[in-house]
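Consider the single chain below, provided in structure tokens and representing the form predicted on its own.
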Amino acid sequence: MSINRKIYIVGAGPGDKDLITLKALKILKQATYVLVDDLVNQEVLSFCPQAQIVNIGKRGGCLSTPQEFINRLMVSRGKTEEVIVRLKGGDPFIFGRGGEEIQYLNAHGIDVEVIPGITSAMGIAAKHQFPLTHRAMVQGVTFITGHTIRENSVNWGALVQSKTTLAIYMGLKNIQKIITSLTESGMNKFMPVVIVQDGLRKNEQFIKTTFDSLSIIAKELNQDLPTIFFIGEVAGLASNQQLLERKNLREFG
């Protein structure tokens, strides 16, 4: 009897379950064992009704299942005849530790197939109708994690000089340090900014502002929600129709 010895690392896309790819959907329908990250929309699990679901918390700044435990579990299950899926929010290769897991699995004789997903920055920008690049405004986009801020770990000056759109993932905890670094590097105080929490989900919160107001706004954000910051000229094109309409929320920017 042959042994599968293969694991599918699958990107579930951002919060909207309908943004999952057809290839991911096909594999999920076949799956018998699914390891699910915390940021995956639970509605996606309806696509794999026959699978055993194991929830493995992975959320920046919160208690998480140790990566080493996840790696060992994948190797153990990968040596069975089950259809094993490692399901991640967004895309496995955009701050999803997909590269680390591939290295570990290959080192233990497990083949891997990666199915990409729409990363949250792309999904959110599409929903709110602002491009991440624009021929007349900006010629590039930089995806960057704000989760770990160490001395000289990020060349913020180079990012400002690059004039690319900055899509900062997992940066809420360190946002005041990030703002200071960008300010010292010459960031234009009137640069448009979009902040999105719980992106593409039912309770999504959207704020459109400018860089000079970001420090004040950040202090009022829910620290427990996944947050992404967009800084750049294109953020000014975001649709105002999506602005929050709450009586106790003042207009920013």
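So that there is no doubt, residue numbering starts at 1 and follows the sequence shown. Only a predicted model underlies this, so the values are computations on that prediction, with no experimental measurement involved.
Unshown form predicted in complex with another copy of the chain; subsequent notes refer to it.
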Problem - Close approach of V141 to another copy of the chain in the model of the complex, 4.5 Å, heavy atom - result: yes
Exercise for the section: Would you check, heavy atoms only and a 4.5 Å threshold, whether K26 touches another copy of the chain in the model of the complex? Expected result: yes
Handout entry: in the model of the complex, A235 touching another copy of the chain (heavy atom, 4.5 Å)
Key = no
Problem - in the model of the complex, A107 touching another copy of the chain (heavy atom, 4.5 Å) - result: no
Handout entry: Single option in I179, V112, V75, V83 placed near another copy of the chain in the model of the complex, where near means a heavy atom within 4.5 Å
Key = V112
Problem - Residues within stretch 184 to 211 having a non-hydrogen atom within 4.5 Å of another copy of the chain in the model of the complex - result: none
